[in-house]
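Two forms, one chain: they're shown below as structure tokens, one block per form, named structure 1 and structure 2.
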Structure 1
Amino acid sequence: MSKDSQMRAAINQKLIEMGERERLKELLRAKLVECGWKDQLKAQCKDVIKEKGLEHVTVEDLVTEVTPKGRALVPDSVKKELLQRIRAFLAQHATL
């Protein structure tokens, strides 16, 4: 395991242990709903189903096709806020 992978694992473990990971997930969900991301993604899914036909689309196909678009649709402001919260958490718990 590389040094970077070890650091990521340690950070993730700390976030889980302290309950911060769940709080960040809830914040992310709320922000994505607030900015209309969920509705945009739902529309993307409907478009894919319309294009390919309901009987020709599996959940896996839908996830594979929509995931890159979904990631691209997350507003920069949401990404920045999440990153700031993670950095603040790490600054408070710098014993990693």
Structure 2
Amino acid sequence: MSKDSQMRAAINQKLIEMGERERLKELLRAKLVECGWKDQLKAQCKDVIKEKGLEHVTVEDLVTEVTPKGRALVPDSVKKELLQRIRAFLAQHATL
């Protein structure tokens, strides 16, 4: 629905404008490094590279192989915290 997509666009815009998106991104990155997610995923990348060969690996290869695993490997605590923060932001700033 366009209304829905309009709303989404508006919210996204607000997120970016207020700098909240950046903050959330940094927070997520920091938490993922802390919990070891980044190292796990790097190991996955190593496997892909060894599989595809050092010379010929492309970004698309890595992305398609690694992203789904990455999404699954995010710990629950990190996920919960981030969802909470997003919800809080929306509750504060979204006009419904």
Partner chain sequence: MKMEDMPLSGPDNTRLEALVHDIYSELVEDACLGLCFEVHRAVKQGYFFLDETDQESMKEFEIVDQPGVDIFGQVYNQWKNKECECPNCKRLIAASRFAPHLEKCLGMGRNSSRIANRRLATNNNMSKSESDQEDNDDLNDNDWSYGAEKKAKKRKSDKNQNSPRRPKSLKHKNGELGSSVSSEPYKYNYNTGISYETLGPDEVRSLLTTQCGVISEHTKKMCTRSHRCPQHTDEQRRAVRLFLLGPSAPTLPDADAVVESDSFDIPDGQTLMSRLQWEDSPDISPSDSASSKASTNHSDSRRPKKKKRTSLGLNSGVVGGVVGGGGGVVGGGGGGGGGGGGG
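For residue numbers, the reference is structure 1: its sequence is counted from 1. Throughout, rigid core stands for the largest set of C-alpha atoms superposing within 1.5 Å between the two forms. Since the model is a prediction, treat every value here as computed from it, not as a measurement.
Taken from the structure described as the form predicted on its own is structure 1, whereas structure 2 is drawn from elsewhere.
For R8, the Cα shift between structure 1 and structure 2 is 2.4 Å when the rigid core is held fixed in the overlay.
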